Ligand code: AFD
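One chain follows as structure tokens, the form predicted on its own.
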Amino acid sequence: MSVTKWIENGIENLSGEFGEEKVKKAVELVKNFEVEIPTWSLGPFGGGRFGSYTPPGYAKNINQKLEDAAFINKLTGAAPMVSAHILWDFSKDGMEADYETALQVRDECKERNLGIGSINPTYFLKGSESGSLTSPCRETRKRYIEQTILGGRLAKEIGNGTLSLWFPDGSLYPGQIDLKETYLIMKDSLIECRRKIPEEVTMLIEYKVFEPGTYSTTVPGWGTSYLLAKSMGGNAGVLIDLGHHHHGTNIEQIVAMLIAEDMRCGFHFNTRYSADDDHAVEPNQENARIFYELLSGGVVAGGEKNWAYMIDQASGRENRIHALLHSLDSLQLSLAKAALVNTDGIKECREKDEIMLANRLFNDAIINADVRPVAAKARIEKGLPPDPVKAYLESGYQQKIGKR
């Protein structure tokens, strides 16, 4: 069967089950969805943690990273911006940010029809052994505060106005730090940064339940991020990373609560199977449930209050471009499933207290629908290949970068 016929049959079957209008809406949403891809995912980061292996054709400098990112966007049309890490992408020595280097990267992005999205200060390299914004060393803390303030300037001048903050601060053992005092230092440092960062820049505070601190992290959960964002008194919000929770956490409920509180938020998409969060995104039911809440709240794919969406992954073993293409495909499939949910039917079941019937209606779309034809149709309508991974394998690009 030809690809065109497969898509037509798939769309016809989905229209018969969920309605033609639902399917049309799903196609449009997939066409409109955009997500930033991280420069660091295309380089050597992640490969040297437990060995010397690096993925085939990995980018050795920022120019090669942008070349790869541009090709990914050419195949998907869903990743026109890159997330940048200050001390990896805008630094000459890995210790201090360099404004002129950042301007050069901006110009190189423009040459490739890319934009710079969120700006990420780098708090976890040399000098952060005892923390970044909470370091007991005043000079270290000052250096990281200055980097954050410069990050805010870069977010306004060359980025999309988003500053993404993740901190390695925490402790390995009880008694190592004063938990309350460390939190208050973090709060004061962020307030100081907020006062010196342009008001229109959105500061998103990421959290992580553990790592590198195994006893405590100073920003361990979404509630802490929420409190810090509120205390800053300006344009601040919560950055949700899918791998930064205890196993079994109901992330879609967190999403629903943050939307209910009208909190400006963002996402780092990835998959965590065990104790890290570096794997590519999978098109699983959790992601589809999350997208259902994002759609319901009007904060995705052109919604009234669009959140910021980024991928954050860099495992040491897989081909990085394969992994990013897979993640983009997975996100589009998850969005398409969420768009097909029979919300009216579920509402009727709720009113009648028909619990299992509501659940079955929900799962008809979230678990059981084959939405690959929706994603393929959306891509074709944008003049893109229906399967970006297959198109990449046939492009010869991997052979080209393998000679780097």
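A quick note: this is a predicted structure, and the numbers were derived from the prediction, not measured. Residues carry their position along the shown sequence, with the first being 1.
Quick note: we don't show the form predicted in complex with alpha-D-allopyranose (AFD), though the next part is all about it.
Of the stretches 257 to 265, 239 to 247, 217 to 225, 193 to 201, only 239 to 247 has residues with a heavy atom within 4.5 Å of alpha-D-allopyranose (AFD) in the model of the complex.
For a residue to qualify, one of its non-hydrogen atoms must sit within 4.5 Å of alpha-D-allopyranose (AFD) in the model of the complex; all three of H85, K208 and D276 qualify. When alpha-D-allopyranose (AFD) is considered in the model of the complex, only one residue from Y292, Y309, Y144, W166 comes within 4.5 Å through any heavy atom, namely W166. Within this chain, F33 is remote from the site of alpha-D-allopyranose (AFD) in the model of the complex, having no heavy atom within 4.5 Å. Residue contact check for F124: one or more of its heavy atoms lie within 4.5 Å of alpha-D-allopyranose (AFD) in the model of the complex.
In the model of the complex, alpha-D-allopyranose (AFD) lies within 4.5 Å of some heavy atom of W40.
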